[in-house]
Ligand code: BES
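Read the single chain below, which is given as structure tokens and is the form predicted on its own.
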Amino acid sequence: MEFSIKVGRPEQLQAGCIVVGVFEPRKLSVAGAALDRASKGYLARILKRGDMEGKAGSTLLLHDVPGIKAERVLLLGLGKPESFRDRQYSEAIGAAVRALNATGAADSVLHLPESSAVKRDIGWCVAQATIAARGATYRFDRMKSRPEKPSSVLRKLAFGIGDKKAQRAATAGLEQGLAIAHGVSLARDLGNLPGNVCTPTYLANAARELAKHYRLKIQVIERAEMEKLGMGALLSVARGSVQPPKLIIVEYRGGPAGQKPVALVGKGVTFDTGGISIKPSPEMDEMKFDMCGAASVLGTLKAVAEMKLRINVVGVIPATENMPGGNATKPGDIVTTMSGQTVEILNTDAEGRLILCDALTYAERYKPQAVIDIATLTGACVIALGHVVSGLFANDDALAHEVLAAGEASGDRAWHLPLHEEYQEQLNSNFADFANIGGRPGGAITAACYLARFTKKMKWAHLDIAGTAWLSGKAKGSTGRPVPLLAQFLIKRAAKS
């Protein structure tokens, strides 16, 4: 679908369909009121009859509205004005695009609800609308022998704005939104691939393709080099699999030569059986999503490269399967990490932290200004926060606030959880420096505490995305989160540099 910006009075725009908002109860948006005046009260009469109240996400399609050049008018319910905020805004855009896809319109103009309603500037409104629109049309059918042909004829979508002075900001917002949407789509595609396709080798090749297209620097470290580096924790997870592990490093250099990079470290367990501590079989198929942290790093790098941000970013992705087998790591085994610290592996299903700890130690060599790891790490985080927000932990309060602000600005929110020293006691071991699990209480916290032991030399944040990286049930599939949060974080960092 092609996206563009259209400036002009809504009643004068020629299109297959024009979309305007209706707030609850039956209050037209600014663009809607303009159409109503041009149609001599036609829209107001429709609303007065009770055909539409303006309930959030509701739509009403009208044909041949008098005084309007567009062939159709789609009324879009926005809900109550006082509760119309970031999430409701994106959901409304998605509802509009899905409704447009059900019409015969080949091109449409979506007149955005006034930015004052969401208390955001026009650039933000256009960017978020673009991301939401792309998300509403996302399809993953590459593994089907006969992909379904799209039923929609919609080919062009323009965002209508009434003020020509805002065109420059709107255009910048569109470009930013498209870049982030492309990054989200890449992350979703990688996450949705089955484990027999998206292996560590496939993930490394996908990173190579990304690097080649955007002229990024890439390095893929193989098992032999990991052994020389002393990555005993990462290698312990890979021992049960016939698939060779990979440590993927991708560098984007858009900032000054001497600028320290932001490091993004993404968990890349391309399939997680739990190893010897094997998971129950129901829903184990969803463990192909255990590499969504890695996918989000590649998606974010794609977005950053398309935006050409003036910042340096390095992505570090430890990739492996976690399988049972005659050579697999056993509960009670002790391994030495790249940092030199020893770990008693009490549960082989707590493998994400084992591969991340060596990747975090490796990231130290870049002397990053900040490091953020992203991982589908713990079921405990899902119990604590559900599927709405990601869990955030950090050893630096300023960095934590920065990540939280990026989440709020992007609508891809996180929640700050504690990292108090008292939780570290749960990781005590009689046989090694510490264990890889700390029991059921505060499981997401003790997992973060484990990682904190490898990040003392860096400003570090950890995003546990176990509840937000994918959806189950009828809507099963990768969400592409937290690419919007990470992209927004880097946009703000680049603006400061």
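Start at 1 with the first residue shown and count on from there. Computed from a predicted model, the values in this text were never measured in an experiment.
The form predicted in complex with the ligand is left out here; the points below concern that form.
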item	value
Listed residue that, although the ligand is not shown, lies within 4.5 Å of it in the model of the complex (heavy atoms), from 68, 43, 466, 445	466
Of 208, 279, 367, 87, the one that lies within 4.5 Å of the ligand in the model of the complex (heavy atoms)	279
Which of 130-138, 264-272, 79-87, 175-183 lines the interface with the ligand in the model of the complex (heavy atom within 4.5 Å)	264-272
Contact test in the model of the complex: residue 350 vs the ligand, heavy atoms, 4.5 Å	yes
Contact flag, residue 399 vs the ligand in the model of the complex, heavy atom cut 4.5 Å	no
In the model of the complex, residue 320 touching the ligand (heavy atom, 4.5 Å)	no
Contact test in the model of the complex: residue 355 vs the ligand, heavy atoms, 4.5 Å	no
Residues in 273-310 with any heavy atom within 4.5 Å of the ligand in the model of the complex	279, 287, 290
